[in-house]
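Presented as structure tokens, the chain that follows is alone, the form predicted alone.
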């Protein structure tokens, strides 16, 4: 492997510009972005101009990018529908792959990706950056120490009072596969399963709703085209795991709730203590010396007067850990088998909502 990891970016839209490329650019000593691909050539050229290494190239077809044997890693930042095919092609071309969330539009595609990574002997991970928050790292260590005991009930929630994305392909069912459940609910469910370290579901019941059809309902990004918006605005799931643990989940873009926004959040209830990670704040609840105690750990790095402490966003932490996993040949924090279970559960909620029946694993 070269001194620097050579990275190709496939899909140069919102998530590539908002997360992947800025985060990778922090690690100039370790990586260089050498190839950019987008169906809209202007987007790829713009990304190259801003982030490309000397001699970097632009491709209109991702298959041509994959023919470059000097590329070590590919970041797949396209709509959900194409995640699986592009990731599988990249793995088979000998590249390590970081695929943006969710892993795939369908559970079957997610399983194909897992098998492709195994067959190729290459690393595959999925962009669930909420795992990389300091709050998640703190709770994970606390749970592994046994402070919560057996976690038998959890709640995964990603609730926007108003927050329907009306740009790009967010409202395109063919490209995305679903609404808030697959868009933001996927993050909260992934975080919950990760903290519980429980990936064996037994049964799922789900419901979906599209009730708030007024496109002028104080949406922060303005109204949407009701003819194009055929997706749910709210989805709910009831999940029972093989060991008897229960998970409830909520995912909404638009709902009449007093809370304005709760994304990437979860609540965990154990036999020794409970914990909540909500909007980047952590709380621990337990009994101690015959009293109920609530603990709010300060997880923000502090400096001193005139000097700030070190700050690393979850997206930068995600990029750093991914680079380290590839360079050191270690497992990424988000394993493809884990992300696959998330996709299977999302699909089960949609399937149950459509059929009115439970889905059994």
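Numbering follows the first chain given and starts at 1. Being a predicted model, the structure only gives us computed values, none of them experimental.
Beyond what is shown, the protein has a form predicted together with a small molecule; the following relates to that form.
Within 4.5 Å of the small molecule in the predicted complex, a heavy atom is found for none of 159, 274 and 286. Between the options 125, 80, 192, 164, the residue in contact with the small molecule in the predicted complex by a heavy atom within 4.5 angstroms is 80.
None of 75, 101, 95, 131 but one reaches within 4.5 angstroms of the small molecule in the predicted complex through a heavy atom, and that residue is 101. When contacts are judged by a 4.5 Å heavy atom cut-off, residue 33 does not count as touching the small molecule in the predicted complex. Mapping the unseen interface onto this chain, residue 53 falls outside it, with no heavy atom inside 4.5 Å of the small molecule in the predicted complex. Contact annotation for residue 39: at least one heavy atom lies within 4.5 Å of the small molecule in the predicted complex. Contact check for residue 320: every heavy atom lies farther than 4.5 Å from the small molecule in the predicted complex. Contact with the small molecule in the predicted complex, defined as any heavy atom within 4.5 Å, is confined among 333 to 341, 5 to 13, 346 to 354, 21 to 29 to 5 to 13.
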